[in-house]
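In the block that follows, a single chain appears as structure tokens, in the form predicted on its own.
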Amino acid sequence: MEFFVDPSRCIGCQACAQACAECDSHRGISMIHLDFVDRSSSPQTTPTVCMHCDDPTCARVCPADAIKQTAEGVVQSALKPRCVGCSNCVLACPFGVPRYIPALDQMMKCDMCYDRTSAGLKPMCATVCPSGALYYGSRETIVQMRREQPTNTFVFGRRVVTTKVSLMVSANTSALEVDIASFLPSPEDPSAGNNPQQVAA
């Protein structure tokens, strides 16, 4: 079973965020970010979950060795006794996922409902998503059901990041090239910004 995210299907209902917050291990805090794609021009939203990088940058930059990766490749929230609240992981994540929670003095993030998925159950968010923007199942099934195809390869400049979670992208796309600088407003046109580039297979 694998986890797939299809931003084009998100309807902004927030069911995923509500379900995530109800998970016992999250202490009432949703680990899903529901972001607007471009709030100035569209109501389109997209769910942002941890992509669970094969070589997680958040864990690499943690000076306290507080972020662990399970044998299945799930990257977990910082261990409370070890987290020093430096926020290095928050700044280092290429997907902008970890959040430092001041009230808990701890970094928390999506752990793919490890308590559920390790027991063969779906993550809470995928269980309640009515549009299939969050899907947990076999790769063969989703490839048969959807026009888009999954990719778990992302290109950030010269760095290639592979992940446990896949993003649904247009067919014939082998990797998603993300130019973070292109999302920053230019001095000449503050509203300027580009979309991620899809790399043909």
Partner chain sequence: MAHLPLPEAQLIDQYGPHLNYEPPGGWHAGGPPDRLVKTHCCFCGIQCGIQLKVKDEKVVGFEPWTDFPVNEGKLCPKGVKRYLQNNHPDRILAPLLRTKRGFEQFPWEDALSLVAGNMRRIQKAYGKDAFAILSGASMTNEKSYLMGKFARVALGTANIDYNGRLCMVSAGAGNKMAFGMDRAANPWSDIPLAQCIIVTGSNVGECFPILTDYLWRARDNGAKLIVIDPRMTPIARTADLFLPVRPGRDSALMNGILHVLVERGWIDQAFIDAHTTGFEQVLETVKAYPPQRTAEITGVPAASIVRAAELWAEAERSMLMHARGIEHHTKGVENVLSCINLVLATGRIGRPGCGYGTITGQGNGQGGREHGQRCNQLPGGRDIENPQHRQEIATFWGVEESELPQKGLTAVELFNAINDGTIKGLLSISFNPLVSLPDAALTRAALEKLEFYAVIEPFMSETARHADVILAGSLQEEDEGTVTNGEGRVIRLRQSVKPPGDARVDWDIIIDLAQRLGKGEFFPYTKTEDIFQELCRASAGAPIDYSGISYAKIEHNMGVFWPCPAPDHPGTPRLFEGGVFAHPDGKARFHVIEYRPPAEDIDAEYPLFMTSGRVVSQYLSGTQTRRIGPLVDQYPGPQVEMHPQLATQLGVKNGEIVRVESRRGELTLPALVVKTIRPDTIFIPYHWPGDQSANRVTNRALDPISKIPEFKVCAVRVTKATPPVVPLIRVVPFNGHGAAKGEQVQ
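Keep in mind it's a predicted model, so treat the numbers as computed, not measured. Numbering follows the first chain given and starts at 1.
Unshown form predicted together with its partner chain; subsequent notes refer to it.
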query: Do Ile29 and its partner chain come within 4.5 Å of each other in the predicted complex, heavy atoms counted?
result: yes
message: Can you tell me whether Ser41 touches its partner chain? I mean in the predicted complex, with a 4.5 angstroms heavy atom cut-off.
response: yes
task: Mark Cys89 yes when one of its heavy atoms lies within 4.5 Å of a heavy atom of its partner chain in the predicted complex, and no otherwise.
output: no
message: Please tell me whether any heavy atom belonging to Val178 falls inside 4.5 Å of a heavy atom of its partner chain, as the geometry stands in the predicted complex.
response: no
message: Only one of Val160, Met145, Ala64, Ala171 gets a heavy atom within 4.5 Å of its partner chain in the predicted complex. Which one?
response: Met145
message: Please determine whether each residue of Arg9, Ala17 and Ala21 possesses a non-hydrogen atom within 4.5 angstroms of its partner chain in the predicted complex.
response: yes
statement: Within 4.5 Å of its partner chain in the predicted complex by heavy atoms, the stretch out of 47 to 55, 129 to 137, 64 to 72, 149 to 157 is 129 to 137
